[in-house]
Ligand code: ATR
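Next up is one chain by itself, shown in C-alpha cells, the form predicted alone.
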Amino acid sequence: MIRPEQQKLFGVIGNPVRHSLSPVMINAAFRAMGLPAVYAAFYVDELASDLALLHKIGFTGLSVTVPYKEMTCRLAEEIDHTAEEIGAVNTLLRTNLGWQGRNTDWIGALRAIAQAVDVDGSRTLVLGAGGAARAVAYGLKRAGAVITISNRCVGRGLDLSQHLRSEFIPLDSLPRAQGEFDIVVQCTSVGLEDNGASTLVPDSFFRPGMTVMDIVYRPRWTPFARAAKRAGCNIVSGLEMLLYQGAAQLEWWLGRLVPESAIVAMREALEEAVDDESTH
C-alpha cells in the first residue's frame, strides 16, 4: 500500500482557483499512468510566502493560474528562455533552492488551434494582455500568424503589442475591423463562471469561417463562444488548450512523455466534468 508520504505532491495556485479543472485532469493522468501522486487546488493570496510554504511542505510541481502568471515570472529562482520571452510562468518545478519556471500555455493554445486551422500566415486577433494572452500570442506568432492585440486597458495592450512587434487596436475600434481576422482568441477572464455577460465585441464582429477560441472553459459555453457559434464560426474549446498545456506540464514534471492512454483519460475526465455541470 502507498503511504501518503510516498506520494508526490502537485497543485494549482490561483485567486480564484475553484473554477480550475486541472485537479480533475491531472489526477486522471496519474491514475492512468499508475503513479503515486496527488494534485490539488490552492487559493493563494500572498504569492511569495505561499510559494515558500509549498516548497517547504515538499511539493514537486505547481500550475499557476490567474492572476499570478506574470508575478511568478519574477519570483521564480530560474525561468527558461520561452517564459522570459513571454513574460509569464504557468508551471513551476521544485529545485533545492526554490522554483524553476516555464510556460506551457503557448504549447496548449497552439496545439489546440493548429488542429482546427492552418496558423501560418493567418490574421489573428488576441483579446487581452495578461499572462495567458502573452503566451497565446507568442505561440501563434511563433507558428507564423500575423498578430493583432486588443485590450480594454490601452496601456497594457500597447505594451504587449510593442513587445511582440505587432499591431494594437483599441477594443472600441474593433467593430470597424470586422472581417479582417481568420482567428480570434479570447484571453481575458470575462465569462469566467458567468462573472460577466459581455462578449467584448458585438455579435456582428463574428463571421462564418472564422476560427474562435475562448480560453475560459468554465462555463463551457461563455457568452463570447455562444455568439461566435451563432455566427457560424469554427469553435475551438478552451478545454483543448487546458488539456495540451497540462500534458506539457506533466512531461516536464515527470521527465518523460505522457502516453496517449493518459491523454485520453485526461480528455474524458474534462468532458465528464463539464457535462455534469451542464446538467445541474
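Throughout, we count residues from 1 along the sequence that is shown. Remember, predicted model here, so these are calculated numbers, not experimental data.
Keep in mind that the form predicted in complex with this ligand is missing from the display, and what follows is about it.
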Problem set entry | Distance check, residue 188 to this ligand in the predicted bound form, heavy atom within 4.5 Å | yes
Problem set entry | Non-hydrogen atom contact residue 101 with this ligand in the predicted bound form at 4.5 angstroms | no
Exercise. Just to confirm, residue 153 within 4.5 Å of this ligand in the predicted bound form by heavy atoms?
Worked result: yes
Exercise. Taking 4.5 angstroms as the cut-off for heavy atoms, does residue 158 touch this ligand in the predicted bound form?
Worked result: no
For this session: Tell me the stretch among 108 to 116, 175 to 183, 122 to 130, 139 to 147 that has any heavy atom within 4.5 angstroms of this ligand in the predicted bound form.
Result: 122 to 130
For this session: Just give me the single entry in 75, 210, 171, 93 that has a non-hydrogen atom within 4.5 angstroms of this ligand in the predicted bound form.
Result: 171
